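Only one chain is given next, in structure tokens, and it is the form predicted on its own.
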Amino acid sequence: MKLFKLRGGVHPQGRKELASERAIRVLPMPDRLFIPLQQHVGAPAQPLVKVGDHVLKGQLIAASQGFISAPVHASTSGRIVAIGDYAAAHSSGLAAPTVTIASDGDDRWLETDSPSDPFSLSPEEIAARVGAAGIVGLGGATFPSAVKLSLSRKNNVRTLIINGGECEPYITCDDRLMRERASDIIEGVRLIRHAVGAVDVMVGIEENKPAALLAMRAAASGTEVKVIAVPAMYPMGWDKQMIRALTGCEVPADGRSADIGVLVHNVATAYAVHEAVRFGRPLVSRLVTVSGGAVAEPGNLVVPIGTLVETLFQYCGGFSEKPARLVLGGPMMGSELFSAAVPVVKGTSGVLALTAREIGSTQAAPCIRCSSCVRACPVGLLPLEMAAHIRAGNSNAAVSRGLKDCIACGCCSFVCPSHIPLVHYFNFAKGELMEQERGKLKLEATKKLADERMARTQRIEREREAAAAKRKAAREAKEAAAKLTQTITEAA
């Protein structure tokens, strides 16, 4: 199949060999699981359990709220011991509403309803089962998958792309999943196709994953699914980059892939769809890469949602040396963790313990206007100009240069010979603009309340004046009638 030319991109050192050649292992069930209620884009789930309740694995413990939300399920059987704030898997270290389960050691599943033939289900039934299973985008976006299925069918999407790019250094969970569970992934892909009515179905896998390509092609043989090797580069895992490589089409700025008739899902999401529709199993665990130079035995683990990150490191032999940095996700777009005592969530693809040698430390120097960042940007932006405006305190000018289209992939920072932390500038400016927008909305809301109060005061005053005028008119009419009566009486 013809591939289309891509814009920008970089080739960072992969370091994937640390974990990619080790078979998937299943993490033993921890004594306690800390399951956040906000693991997805949209409104947080609403708890349905209370402290002291006994739950089974796969049981619904928090219901979705609103159109864009996702339910949350128990990752094992046990007792609810707490419902309240717990440290979230975020660089801020802030707490988030969390349900804590003490495992009973049985890991007993809730009885589920599974169809004899999942392909006999209607598209609406498949979407409903995916939604009930709490499946979200497992490539990191965590957008509720059922919403994407429903909107794609409504928008008459004709092309389905399954993203097996996995371009982040160190991260290999999707690679191992494709090698070991290719048939299940392909069935999940076909179920997604059935749910949205797509005509063309493609799985894009980077060419530096030959074993995954071989396994997926064998599993897809005889089906409508095409498995295609794409260039190994960063950020090939970005959905818009994969779309451009396979179709030659470009998603409009501020647009969605559905706008050009394309739906993109991650390979792990397709596997989760297979588990939900074929077996009735909700999303209660995921494959996580545990890697980095400081990890004694890197690998890929099947991890119950809610497991603390420190438990993963302990199972992988602990640290061979003290890590200089802990990272949630990959080193390019992941976030730094200040504590490993945070839970794995649905969007956790990897946890890294990096050494000082892997991080490096070079002081930033002035920009030399080499335009390396411009050539590397996969979106086609001008990072050097955006950064110059932000440094000058003019974030709005950076917006006019495309700041809102920046995906914070880090390509510009990676290639900068002056080691300027360009992405930090862009994230700072986005935060500043968001704060300005919140302030603007707050001001507008305050003005609206003031205007409504003024209108209400004026209405009340008008009503009072009208009532007073009405009383006066009635009094005058009464007085006039009395005078008329008196005059008639005197005349008589």
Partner chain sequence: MITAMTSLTILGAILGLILGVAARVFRVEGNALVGELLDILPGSQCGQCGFPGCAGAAQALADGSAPVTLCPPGGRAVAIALAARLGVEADVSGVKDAVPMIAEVREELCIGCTRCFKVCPTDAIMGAAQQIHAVFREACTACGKCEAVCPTESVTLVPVSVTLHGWYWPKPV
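We call the rigid core the largest set of C-alpha positions that still match within 1.5 Å between the two forms. For clarity, every value in this text was computed on a predicted model and none was experimentally measured. Residue numbers count along the first chain shown, from 1.
Omitted from view is the form predicted in complex with its partner chain, to which the following refers.
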| query | finding |
| --- | --- |
| Contacting member of Ala218, Leu94, Ile368, Val81, with respect to its partner chain in the predicted bound form [4.5 Å, heavy atom] | Leu94 |
| Selected contact from Leu449, Val51, Ala467, Ala455, since only one has a non-hydrogen atom within 4.5 angstroms of its partner chain in the predicted bound form | Leu449 |
| Listed range touching its partner chain, judged in the predicted bound form by heavy atoms within 4.5 Å, from 439-447, 64-72, 26-34, 51-59 | 439-447 |
| Contact label in the predicted bound form: Pro421 to its partner chain, heavy atom within 4.5 Å | yes |
| Contact label in the predicted bound form: Glu435 to its partner chain, heavy atom within 4.5 Å | yes |
| Non-hydrogen atom contact Arg391 with its partner chain in the predicted bound form at 4.5 angstroms | yes |
| Non-hydrogen atom contact Ser339 with its partner chain in the predicted bound form at 4.5 angstroms | no |
| Within 397-434, the residues that have a heavy atom no more than 4.5 Å from its partner chain in the predicted bound form | Pro421, His424, Tyr425, Asn427, Phe428, Gly431, Glu432 |
| Rigid core fit then Arg464 CA moved by 2 Å or more between the shown form and the other one | yes |
